[in-house]
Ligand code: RIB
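Below you'll find only one chain, the form predicted on its own, shown as structure tokens.
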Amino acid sequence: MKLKILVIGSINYDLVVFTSRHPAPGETIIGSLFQTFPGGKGANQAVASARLGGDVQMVGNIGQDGFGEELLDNLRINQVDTTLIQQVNKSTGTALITVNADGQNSIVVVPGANATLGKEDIQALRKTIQSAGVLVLQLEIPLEVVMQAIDIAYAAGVIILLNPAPAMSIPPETLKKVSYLIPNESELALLSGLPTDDLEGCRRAAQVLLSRGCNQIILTRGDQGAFVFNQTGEFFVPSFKVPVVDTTAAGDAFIGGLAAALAEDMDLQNALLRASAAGALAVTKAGAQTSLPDITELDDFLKKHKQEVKSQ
């Protein structure tokens, strides 16, 4: 039986300007292109899971404005249950992104409505969290909200996926309750207090978190694949070789793919294979949610990479 996936997180509207270079303080320059995209790590991961066959419900706050309405419609189009998304008297979360000719980003995020999600909202959703099969969380909403949701889910035996992004310190007692902690190298460095400049450094940093009671750490390293560290050892999940167009939301695709596979009661090795393929497909297209693959694309991709899959 397919388990319900509950995503609690951010819903943002991305405003992207392309320029030859970033402006200096006080300077006005002319841009070459302006685009808007649905975003927010929470919404990205919800859409990623839903496109890959997941039964997904999203919890988050948006503003009573045009941006919020557009984001709500987009989630519905992508088969995400939006009945628990609240419209509040605050602007919808936005990300103001400037991209220069080298592809380097300069980003200002205004949390807006995302910051209004409170502990009382999570308390009101206690039964919903307890009845979920998989809970997916990130850190673009208040940390206290994330911690409370983890407490409720842990007591109910729910599978908990935590993507600790943007990186910030998390109490060890919270990390102990997470089923799968999914950081990248910089997030692992902040959580452990150790450098993660190479694989050995990553191993040492992971051991620090495992010694504090972490259950499983899934370290994503982009085109260098992913490593799983747990109390019994480690194993490697190779990446797929694909032409890279844009790495935006590749991590969200990975997490969405993992959540969808775990909700199908798939074993971790095969679930991570699907997650890796989802992340690979995402980098072959531009944009965040626009790059997220659907289940047909994913299945076709894995069929075409049979030999690569066998070697894994």
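Heads up, when I say rigid core I mean the largest set of C-alphas that superpose within 1.5 Å between the two forms. So that there is no doubt, residue numbering starts at 1 and follows the sequence shown. Just so it is clear, the model here is predicted, and its values are computed rather than measured.
A second form of this protein, the form predicted together with alpha-D-ribofuranose (RIB), is not displayed here; the remarks below concern that form.
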*Full three-residue contact with alpha-D-ribofuranose (RIB) in the predicted bound form, heavy atom 4.5 Å, for V7, N61 and L125*: no
*asked:* Contact with alpha-D-ribofuranose (RIB) in the predicted bound form for L161, defined as at least one heavy atom pair within 4.5 Å: yes or no?
replied: no
*Find out whether any non-hydrogen atom of A95 is located within 4.5 angstroms of alpha-D-ribofuranose (RIB) in the predicted bound form, and reply yes or no.*
yes
*Can you check whether S276 is within 4.5 Å of alpha-D-ribofuranose (RIB) in the predicted bound form, heavy atom basis?*
no
_in the predicted bound form, is there a heavy atom of alpha-D-ribofuranose (RIB) that lies within 4.5 Å of any heavy atom of A288, even though the partner is absent here?_
yes
*Counting non-hydrogen atoms within 4.5 angstroms of alpha-D-ribofuranose (RIB) in the predicted bound form, say which of A155, M168, L143, I107 makes the cut.*
I107
*Going by heavy atoms within 4.5 Å, which of 261-269, 248-256, 50-58, 276-284 lines up against alpha-D-ribofuranose (RIB) in the predicted bound form?*
248-256
*Interface residues of 38-68 toward alpha-D-ribofuranose (RIB), as seen in the predicted bound form [heavy atoms, 4.5 Å]*: G39, G40, K41, N44
*Core-aligned, is the CA shift for L298 between this form and the one not shown 2 angstroms or more?*
no
*Core-aligned, is the CA shift for T98 between this form and the one not shown 2 angstroms or more?*
yes
